[in-house]
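Let's start with one chain on its own, the form predicted on its own, as structure tokens.
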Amino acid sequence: MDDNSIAYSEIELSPEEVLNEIGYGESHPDNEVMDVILQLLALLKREVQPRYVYLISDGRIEGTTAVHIQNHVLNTGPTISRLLEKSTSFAVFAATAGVEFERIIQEYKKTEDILVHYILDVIGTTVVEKAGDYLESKLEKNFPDMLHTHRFSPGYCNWHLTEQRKIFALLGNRPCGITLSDVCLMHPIKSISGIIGIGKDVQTKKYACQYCELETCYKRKK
């Protein structure tokens, strides 16, 4: 199990991606918004170092609500357990936009520019999700004869956030330098963790709203 850095050029964000995540669609931003985006993206290109790690392990689905990996039982709940059906092994993972990005966030917190705070938050979320996508692409290259599910994380579909303690225990407690607070929030804050199912017969369909029970999620508006 290796802790891997990602060259920013591998996941580099375009201004158009940021605008799309903000919700501009076909609308055009004013000059102030565009200037902020370009300034922040230039800063990321110089300083940010995303990272990821994953552990491949045999495992099994237990009943309809849990996954047994090594000496840990992950109580994923029925929705995620169903989406992991037919997995013969699992990738337990973590990824982060990095401590450098966290430092940028803390620097900009000293200002009261709400626009910058918001755009930086959107950029951070997008960077760490692209790091997760990059991790999945590495899985595909390393296991070319196998299929894999999309990634699933504690906090979604009734998989309790405290289950992250088990994921971190499997990954060595400080994967990629990420730590957990007493209430299982990650630091750096732009980090993700979770599980991916691997097998010849797994379904590779993406996680989508039809599987999620959170009716108030803003993604449902799209």
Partner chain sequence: MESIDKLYEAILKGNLPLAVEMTKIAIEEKIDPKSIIDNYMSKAMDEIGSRFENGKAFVPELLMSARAMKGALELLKPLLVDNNIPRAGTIVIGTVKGDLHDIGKNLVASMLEGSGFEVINLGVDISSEKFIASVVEHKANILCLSALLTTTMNYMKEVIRAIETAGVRDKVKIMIGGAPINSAFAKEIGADGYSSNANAAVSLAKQLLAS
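Positions refer to the first chain, counted from 1. Note that this is a predicted model, so its numbers are computed, not measured.
Keep in mind the form predicted together with its partner chain is missing from the figure; the text below concerns it.
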Is Asp35 a contact residue for its partner chain in the predicted complex, using a 4.5 Å heavy atom cut-off? no
At 4.5 Å between heavy atoms, is Thr162 in contact with its partner chain in the predicted complex? yes
According to a 4.5 angstroms non-hydrogen atom cut-off, is Pro29 in contact with its partner chain in the predicted complex? yes
Is there a heavy atom of Val202 lying 4.5 Å or less from a heavy atom of its partner chain in the predicted complex? no
In the predicted complex, segment of 182-190, 52-60, 66-74, 39-47 with a heavy atom within 4.5 Å of its partner chain: 182-190
Answer key, its partner chain contact in the predicted complex at 4.5 Å (heavy atoms) among Arg103, Lys138, Lys109, Lys86: the residue is Lys109
At a 4.5 angstroms cut-off on non-hydrogen atoms, which residues of 95-123 are near its partner chain in the predicted complex? List them in order. Lys109, Glu112, Asp113, Ile114, Leu115, His117, Tyr118, Asp121
